[in-house]
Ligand SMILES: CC(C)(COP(=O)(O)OP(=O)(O)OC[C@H]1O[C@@H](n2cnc3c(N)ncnc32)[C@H](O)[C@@H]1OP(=O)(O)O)[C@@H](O)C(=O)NCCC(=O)NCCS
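Read the single chain below, which is given as structure tokens and is the form predicted on its own.
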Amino acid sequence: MNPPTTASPPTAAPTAPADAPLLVVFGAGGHGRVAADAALACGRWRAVLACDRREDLWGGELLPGVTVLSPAALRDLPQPWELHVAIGDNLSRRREALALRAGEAARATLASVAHPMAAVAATARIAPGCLLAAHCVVGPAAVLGEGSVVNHTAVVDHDCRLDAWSHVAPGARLGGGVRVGEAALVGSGSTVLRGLRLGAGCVLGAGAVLLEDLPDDARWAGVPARPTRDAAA
């Protein structure tokens, strides 16, 4: 199948100025739909497009009016445009971001997307490439590293730090001063007590309550959380 090089006019955010950049959401799955929906709602970009490596998705729509392009088509997009990598798996999101910025998206800026219904403190620091979904809370002096995700209704309280490519899943709650390591996953509906550390690459299972530090690459689940081979997040 030949990759399309042009796209039908995508849905424009009604409040975006005419000279605003385009946004390309890379990843045409469920996580991509969340990111594209947030991007359309915030009105920062003049239009939103999607992109994926799956040929069967090219030319279709991620959301109404949000056309899915091939990676090759990114080279022909008019400037200026920005890139948001929207893949739920942390390691895949990091890998694709690095590959795209070294290849098809070398001219694009990595963009964070924050839904207008996200509550973000003025003193929080948000690195490029982050996603802040609707009804999440990011507290004062919190720091979000590149490509990190705070999903629907998740709470990242004051002075927390999320390292790059980490993910706080829907409904998870981090007490103040929690540190989440690179590419770690805090599962849906879980609770992390204040001041704890979650190591790089670890997984805290859905609904877990963490009462102590979680080592690098560990998988814990339960109430209270304990090591397990299968921590569904």
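For clarity, every value in this text was computed on a predicted model and none was experimentally measured. Numbering starts at 1 and follows the sequence shown.
One more form of this protein exists, namely the form predicted in complex with this ligand; it is left out here, but the text below deals with it.
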query	finding
Any non-hydrogen atom of Ser188 within 4.5 angstroms of this ligand in the predicted complex	yes
Partner contact for Ala16 in the predicted complex: this ligand, 4.5 angstroms, heavy atom	no
is_contact(Leu22, this ligand) in the predicted complex, heavy atom dist at most 4.5 Å	no
Proximity of Ala184 to this ligand in the predicted complex, heavy atoms at 4.5 Å	no
Residues Thr123, Gly139 and His158 all lining this ligand in the predicted complex, heavy atom within 4.5 Å	no
Option touching this ligand, based on a heavy atom within 4.5 Å in the predicted complex, out of Gly29, Pro170, Gly176, Gly65	Pro170
Which of 65 to 73, 52 to 60, 34 to 42, 200 to 208 sits within 4.5 Å of this ligand in the predicted complex, heavy atom basis	200 to 208
